[in-house]
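Below sits a lone chain in structure tokens, taken as the form predicted on its own.
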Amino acid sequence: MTLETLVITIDGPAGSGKGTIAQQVASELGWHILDSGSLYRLTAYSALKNACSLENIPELEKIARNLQVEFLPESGGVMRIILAGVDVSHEIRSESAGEAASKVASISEVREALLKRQRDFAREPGLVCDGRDMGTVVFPDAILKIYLTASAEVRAQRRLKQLKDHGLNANLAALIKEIQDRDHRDKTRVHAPLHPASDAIEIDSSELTIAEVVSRIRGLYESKVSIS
């Protein structure tokens, strides 16, 4: 595909901080935001809420095609996610929703159903999107592709804090195991496995602050623009 709108993709494993970073970069640039992972969480959430088995591929595909979703960034890096007029930001952040989303994301029919929906988010003045295949599959012509990673232990600690901030309980050891299992599943799935795009720039955020990562991405983008 050939893009007319500027797009920055931020891919990476669960808990690498890509969602927070994407929101910050989008806010500083005044661009639109796409949290692609939430689309899979929303599909899984809708399926579970309506007693649809995660094995029922035709129904999952139908749910994915008909999602009515809005992303509403707010101050402090908070993202409100509205599904059919209802704020489900809290519900889809649970570990069960995340696990279900990872399973749903491995289904090619669901990924295909959501592909056009994701590309439709690319509009002026620009789009910052995060996910697992944004730079490899959804926006292969993006002006800048970032692969953001961090150690499993650091990612688990971040996830634990995030859950506690939302009033949810979790166990650190269990989170580490879940992240490692999800990494393996995402990297070995048949359709759109998790890996950096050939032209992506890898950033390990384990020892970096949010501000440092955002600044680095801004600098990389400005260099790309000046060259082009």
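Remember, it's a predicted structure, so these values are computed and weren't measured experimentally. Each form is matched to the other, and the largest set of C-alpha atoms that superpose within 1.5 Å is called the rigid core. All residue numbers refer to positions in the sequence shown, first residue = 1.
As for the form predicted together with a small molecule, it is not shown, yet the points below apply to it.
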### Summary
Answer key, the small molecule contact in the model of the complex at 4.5 Å (heavy atoms) among Val128, Leu148, Ala105, Ala142: the residue is Ala105
### Query
Would Thr43 show up as a contact with the small molecule in the model of the complex if we use heavy atoms at 4.5 Å?
no
### Message
Please tell me whether any heavy atom belonging to Arg189 falls inside 4.5 Å of a heavy atom of the small molecule, as the geometry stands in the model of the complex.
### Response
yes
### Task
Look up in the model of the complex whether Met134 has a non-hydrogen atom within 4.5 angstroms of the small molecule, and give yes or no.
yes
#### Entry: Contact label in the model of the complex: Arg117 to the small molecule, heavy atom within 4.5 Å
no
### Query
Would the small molecule be touched by all three of Ser36, Ala101 and Arg182 in the model of the complex, meaning a heavy atom each within 4.5 Å?
yes
### Task
Just one of 150 to 158, 80 to 88, 120 to 128, 105 to 113 has residues with a heavy atom within 4.5 Å of the small molecule in the model of the complex, so point it out.
105 to 113
### Message
Taking 2 Å as the cut-off, check whether the CA of His32 shifts that much or more between this form and the one not shown after a rigid core fit.
### Response
no
